[in-house]
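One chain is shown next in structure tokens, namely the form predicted on its own.
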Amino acid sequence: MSAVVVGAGFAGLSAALRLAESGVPVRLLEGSRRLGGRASSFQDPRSGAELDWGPHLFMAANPALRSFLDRAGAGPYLRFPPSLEVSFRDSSAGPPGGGPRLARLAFPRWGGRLGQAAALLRWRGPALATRLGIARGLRGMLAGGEAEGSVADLLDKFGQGEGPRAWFWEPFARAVLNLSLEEGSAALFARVVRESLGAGPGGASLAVPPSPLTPFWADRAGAAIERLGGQVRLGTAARRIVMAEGKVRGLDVGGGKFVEAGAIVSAVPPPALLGLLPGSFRRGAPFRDIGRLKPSPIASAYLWLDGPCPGPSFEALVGEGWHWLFRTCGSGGPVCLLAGGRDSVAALPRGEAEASAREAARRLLPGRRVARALVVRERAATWANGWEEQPFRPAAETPVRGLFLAGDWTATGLPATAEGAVRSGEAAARAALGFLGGGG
């Protein structure tokens, strides 16, 4: 029996690849003209450069993601440093007339809790009391125990005050949850901390994709699916899931066309899924609670400067409305400021976000003038990372026989990250394989 996967982001492509590897005839349908979903790239018509819809960082302690990238043929091109290294740019405390201060936090490759403490003590960014506070908070969080409520509640539990939050926990939490400390889920955040740093700083090592996202991973994954006999159809939007007697029959794709399927994996965001379901199903569990899941935006401001801006591939920004700075194409290409969260610059009108980015560049990059700015936004970049939303994230299996859910917003136990999306795709594919193997 055949399977259809709807949506070609990390969740859909990973589900389709696993089904194809298992010998299932699979068709992957994507409504847009490109693969990659929210982790894709586009061509800037003015400069001709291919830019990411939003810069991404991949973490070494992402086993599902790294396995998927390896099988898709992208893994060998991703280079991780031996341990966690992050540069922090602080524009509020630089020397008079000298511009912002750049402080590098580098955990030693020999790792362990002792290595983490040593790295924090050597760090020349925040004051010593702040560094000691971070060390205590990290030790307590890695020790385990229940994590309830918001990230702010969790940090209160470990005595993490303003300094540790601004220098360490805020950049970390924004990167993985895309929400404020008061909104983000403590349980999700604690799991990421423990998975990434629990085995030492090598797990938290961060890598930037070596090329724009669509050709780096998405196109390679699509090609791998087709090599295994699967079909990838772009510009084919699913209109409605067709069911009969509580079981899926296929998809209405418009124009009088019907795609038959023994199993369907829906790997689209919550509103799109609800639009595919008949009204009677939307009112039943678990679909009725999907409307409780909330999106959070991300804005990326690409800034072309009047001269080179050398430095590390990415930097965390301290005390800024923008949270990260990326150098996207080496020292000669545009830099990119990134902000995320409903309470952030990402929620402002485009013109205000651009003005904010230009002003931030004057503080952060003194001596350089912004020749051009381009702000791109994803209003629903992440879903379901809030602490109040966790009970409503659905599992892969549904009451409809043959219908399975994938997406970084489903019940993966992780935030809406690439790793969570891939794990959801794998879970949906396993469930679909069990269903098809059992004769449907």
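Don't overthink the numbering: it's just position in the shown sequence, from 1. In this text, all values refer to a predicted model and were calculated from it rather than measured experimentally.
Beyond what is shown, the protein has a form predicted in complex with a small molecule; the following relates to that form.
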Can you pick out, from A204, L325, A357, A238, the residue that has a heavy atom within 4.5 Å of the small molecule in the model of the complex?
A238
Find the only residue in A61, A49, A411, L57 having a heavy atom within 4.5 Å of the small molecule in the model of the complex.
L57
When you measure heavy atoms, are E21, G250 and L433 every one within 4.5 angstroms of the small molecule in the model of the complex?
no
With a 4.5 Å heavy atom cut-off to the small molecule in the model of the complex, the contacting stretch among 68-76, 271-279, 180-188, 165-173 is 271-279
Can you tell me if A384 lies within 4.5 angstroms of the small molecule in the model of the complex, counting non-hydrogen atoms only?
no
Is there a heavy atom of A15 no more than 4.5 Å from a heavy atom of the small molecule in the model of the complex?
no
Flag A39 as yes or no: does it have a non-hydrogen atom within 4.5 angstroms of any non-hydrogen atom of the small molecule in the model of the complex?
yes
Give a yes/no on whether A418 approaches the small molecule to within 4.5 Å in the model of the complex, heavy atoms considered.
yes
